[in-house]
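Shown below, as structure tokens, is a lone chain in the form predicted on its own; questions about how it binds or moves come after it.
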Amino acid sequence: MVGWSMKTTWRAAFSAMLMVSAAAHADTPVLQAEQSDVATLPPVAPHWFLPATAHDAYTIYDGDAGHILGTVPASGLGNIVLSPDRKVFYVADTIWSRGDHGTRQDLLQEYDARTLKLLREIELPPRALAVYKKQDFDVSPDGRWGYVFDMSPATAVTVVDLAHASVARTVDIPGCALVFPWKTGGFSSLCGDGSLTNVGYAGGAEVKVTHTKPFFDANNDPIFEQGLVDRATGRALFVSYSGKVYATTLGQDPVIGAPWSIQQAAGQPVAGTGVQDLAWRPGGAQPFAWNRASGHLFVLMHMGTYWTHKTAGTEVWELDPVAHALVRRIDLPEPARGIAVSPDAAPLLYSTAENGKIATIDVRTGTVRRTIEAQAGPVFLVPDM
């Protein structure tokens, strides 16, 4: 009798629990099945920026809010460009069928800037796989041509017809490297003897190549490979290791201005090229930026001797390249390896510290708006530059 009573009690309790559970579920709203969708970004804004991040991608940040908006896939050897109409991201990249070996493929990939969807891929000849620089790949100001720097092992530039998704031709540039697009009709490359090679190409079979005389001393005061180009005007700024600035209008016959000194613009002596000559000097992996609205040049500066051109900078100097004058000096919260500046009239300065943190700075006040834990590399992409 005792055993039968315990079983009856247990069964009654269990039945009561089931009824309570059923009643509870009856009041619970039915969950709807999750619907898959694709988010769409707004049009690219002036304060967006894309640093190279540690996860084989470029991460899109909103500089005002500090939020991540998306990522564009790219390897550590990939080069990225935003099309002049801001509608497409182009990535020139290289992959192997077995990760780090196997069959090699060089590709130009096209991503929609609103959905980040891969639209198409264009096969390329072997591109240069050297230390990453923005100047390894660029797009003409009208968006018609892509220029990809090659090294296999001779140096050349592959011209890509972006409208027809095909390679138009390859142009040999012996002894020269990198690409600096003109306002229209071609590009220039830096040469080891201190000159420029200038390649005019407007389609078809005809290519016109010219060479300038050497304009800088490649042995005693070489210029940084990270020269700046305003694609809308075809104006370029090349800066030497000692801090001389060569303003250049690119074209078939470039116009190269007389050099002026960053240090003299700041009221200091010209920096020397001796191993004991201590001075403020440009340096870093991406040491220059150009604000389109003002036309001002921004330079990452450090105190050092000659040949310290890869040293992280502690200040950014804003300079007027027309007046050859210092506008302001901006202290950085941490030494930085790379900088970028937004293109608008209320510019933000972005700097990447050696630990990968990004500081977002109001140029007009020098105030640090925020610090982003990004694990970023020193190379940035900003709209229009």
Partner chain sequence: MSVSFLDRLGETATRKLAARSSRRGVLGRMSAAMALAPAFPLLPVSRADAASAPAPAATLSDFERRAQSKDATKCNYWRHCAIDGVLCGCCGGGVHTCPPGTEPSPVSWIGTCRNPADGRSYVIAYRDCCGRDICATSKDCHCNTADREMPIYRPQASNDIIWCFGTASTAYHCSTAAIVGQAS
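Numbering follows the first chain given and starts at 1. Here the structure is a predicted model, which means the values were calculated and not measured.
One more form of this protein exists, namely the form predicted in complex with the partner chain; it is left out here, but the text below deals with it.
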- Task: Please run the contact check for Glu315 against the partner chain in the predicted complex: heavy atoms, 4.5 angstroms, yes or no?
- Result: no
- Query: How about Arg337: is it within 4.5 Å of the partner chain in the predicted complex, going by heavy atoms?
  - Reply: yes
- Item | Asn355, heavy atom within 4.5 angstroms of the partner chain in the predicted complex | yes
- Query: Contact between Leu190 and the partner chain in the predicted complex at 4.5 Å, heavy atoms?
  - Reply: yes
- With the partner chain left out of view, which of Val209, Ala293, Met151, Val167 would have a heavy atom within 4.5 Å of it in the predicted complex? Met151
- So which of Val159, Ile223, Leu82, Ile256 gets a non-hydrogen atom within 4.5 Å of the partner chain in the predicted complex? Ile223
- Answer among 84 to 92, 198 to 206, 244 to 252, 167 to 175 for heavy atoms within 4.5 Å of the partner chain in the predicted complex: the stretch 167 to 175
- the partner chain in the predicted complex: within 4.5 Å of a heavy atom of each of Asp62, Asp331 and Thr371? no
- Task: Output the sequence-ordered list of residues from 294 to 316 with at least one heavy atom within 4.5 Å of the partner chain in the predicted complex.
- Result: Thr305, Trp307, His309, Lys310
